[in-house]
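Two forms of a single protein chain come next, each set out by itself as structure tokens; they are called structure 1 and structure 2.
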Structure 1
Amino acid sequence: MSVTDAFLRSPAQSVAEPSPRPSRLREGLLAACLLAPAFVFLVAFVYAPAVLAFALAFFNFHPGGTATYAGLSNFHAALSDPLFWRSMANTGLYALMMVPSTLVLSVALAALLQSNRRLFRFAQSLVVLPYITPAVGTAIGWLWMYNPNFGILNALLRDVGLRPIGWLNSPHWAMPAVVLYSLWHGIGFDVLILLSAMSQLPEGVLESARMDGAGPWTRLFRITLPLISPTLFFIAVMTTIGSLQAFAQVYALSLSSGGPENATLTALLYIYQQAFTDGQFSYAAAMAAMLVVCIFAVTALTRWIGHRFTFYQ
């Protein structure tokens, strides 16, 4: 409002105009009231248990007994535990197989569905359906499919003249079998995210490339993938974090053992066994703290690499 307008206004109009400060105060109070339940929930069920678990790693605690200060002895014990290192190596192997496979398959499925709108409408629900089903429930069906004697996968291999595979009974095939199930169960969510990103691409750019003679593969690799690279980066980070926290699928498919011969013993499954099977809560808390540090380090490395290959419009 200019000085002339303020002079020409009547005193009544000046008095009637509300001050912006009380409005902002009310909006702030309203926002605080709306956010308070979520904040209390996070503190009570996420942050406080995490802090208590980290503190527990520095004590020797057994249910029903007293807690005695143990310093770094639980961390030293974990570093000298060969099973802990085996579980960390299995977790890294699982992530190395999951992240590239997820990116390639989700991009292929999303590009296929995006190229055919009728197929998109029909197959979208089918692709997402495994993601909304419980992992333990669907793993029971996959246990039957992986059965070396009467499973459907070995029956298909015999039909095409290939030798049957031991799947979950073989130390060499058990982890790939878990990865195959995880891809089937979780890739629908990534395909949905990529379909959303592809639907927002500028049609003018794609149409210009098509008129210039660019084929489907050229448009995919030269235009589509660079434009959706932030979404691909997001999927890569989330898949990496989820892979380092693999538990439910491994627990169900290995029948909570991590076998055969500890081939599917991931870090989180080993921590669970130490805490809730052997009652070593402090030792499990120390391993969990070390796993969290590894997840932070891998996530930071992924972000550092991803930002160098991500194209932001």
Structure 2
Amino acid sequence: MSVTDAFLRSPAQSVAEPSPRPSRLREGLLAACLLAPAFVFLVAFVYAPAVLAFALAFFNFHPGGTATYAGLSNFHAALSDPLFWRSMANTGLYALMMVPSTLVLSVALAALLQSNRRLFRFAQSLVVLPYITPAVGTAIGWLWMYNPNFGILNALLRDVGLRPIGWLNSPHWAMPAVVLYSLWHGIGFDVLILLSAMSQLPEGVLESARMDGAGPWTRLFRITLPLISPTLFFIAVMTTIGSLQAFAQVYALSLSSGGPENATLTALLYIYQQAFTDGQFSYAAAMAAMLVVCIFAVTALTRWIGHRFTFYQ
């Protein structure tokens, strides 16, 4: 580092590092030592396996522990496997139902629950609570609510004069039932970050709109929502990614089968079944690789769409 460089550095920085040259090296070493523990874990369980995951798909493993090069055969097998396509279609359908309903419901709930009064804060807590509860534990209550004969949902339908639904027993209704459960379980997080975004809005804008005679609906749709569009965009991206990775909810609600008639067999559940029920590691790895590519592609697309419709202050 030259003398001029030392002059050009900001005063705060030069105070923080009183003697540049020897301490630079020392600090570099110290930084390496302090970062090492985290990176040992990250390399071992994130970076290396991410590379390995793709490599695994190009080999076939045998019980003896040997592996033979398989080329693209695992990918070919997956692409001609009707169940793989079915599981991908189910995953897409799930995401298509989840994303819009999450956005609409979380905005509606946040608008309703936005208040600092005790009762509203209590209601906010009740909406968030399911988010931290275990999926299998709470799925049991839902399985009971979805029971076609004795469940409360069909009791309600009968009360209002509608025909009862087969819910998880019906190939037609099973996926919407899973969506309803997932909304219940996850929407608290979205409501909470919306509430936190709304509380940070500039007071003046909403106040002057009120002065100018804008009603609550106008304020919500014309001011609040455009101003929090980055948060809405964040929710859309996170829900999309989360939906494409749906596992615990379908595992619990279909008793690990993906039924009825494979109606709730998501990609990840099928990959899990192939890998750990049938021992087809390489085949599962090839499908996982394709799922990851899909997730990346959809995320990139969502980001591209989002940036066009998002208003940044």
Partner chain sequence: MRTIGRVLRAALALALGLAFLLPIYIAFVTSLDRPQDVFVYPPHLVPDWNFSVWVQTWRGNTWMLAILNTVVIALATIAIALTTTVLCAYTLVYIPFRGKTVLWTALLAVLMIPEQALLIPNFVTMAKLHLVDTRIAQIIPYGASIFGVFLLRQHLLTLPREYHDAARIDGCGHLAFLWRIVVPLSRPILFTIALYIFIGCWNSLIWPLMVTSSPRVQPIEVLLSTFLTQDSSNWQGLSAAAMFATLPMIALFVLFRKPILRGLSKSSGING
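Throughout, rigid core stands for the largest set of C-alpha atoms superposing within 1.5 Å between the two forms. Source: prediction; values computed, not measured. All residue numbers here follow the sequence of structure 1, with the first residue given the number 1.
Novice: Look at both copies of the chain and name the one that is the form predicted together with its partner chain.
Specialist: Only structure 2 fits here, because that chain is the form predicted together with its partner chain.
Novice: For F276, state whether the C-alpha moves by 2 Å or more between structure 1 and structure 2 after rigid core superposition.
Specialist: The answer is no, as the C-alpha of F276 shifts between structure 1 and structure 2 by less than 2 Å after core alignment.
Novice: Compare the position of the CA of F247 between structure 1 and structure 2 after a rigid core fit and state whether the shift reaches 2 Å.
Specialist: Shift of 2 Å or more: no.
Novice: Once both forms are fitted on the core, what is the Cα shift for P37 between structure 1 and structure 2 in Å?
Specialist: With the cores aligned, its C-alpha sits 2.8 Å away.
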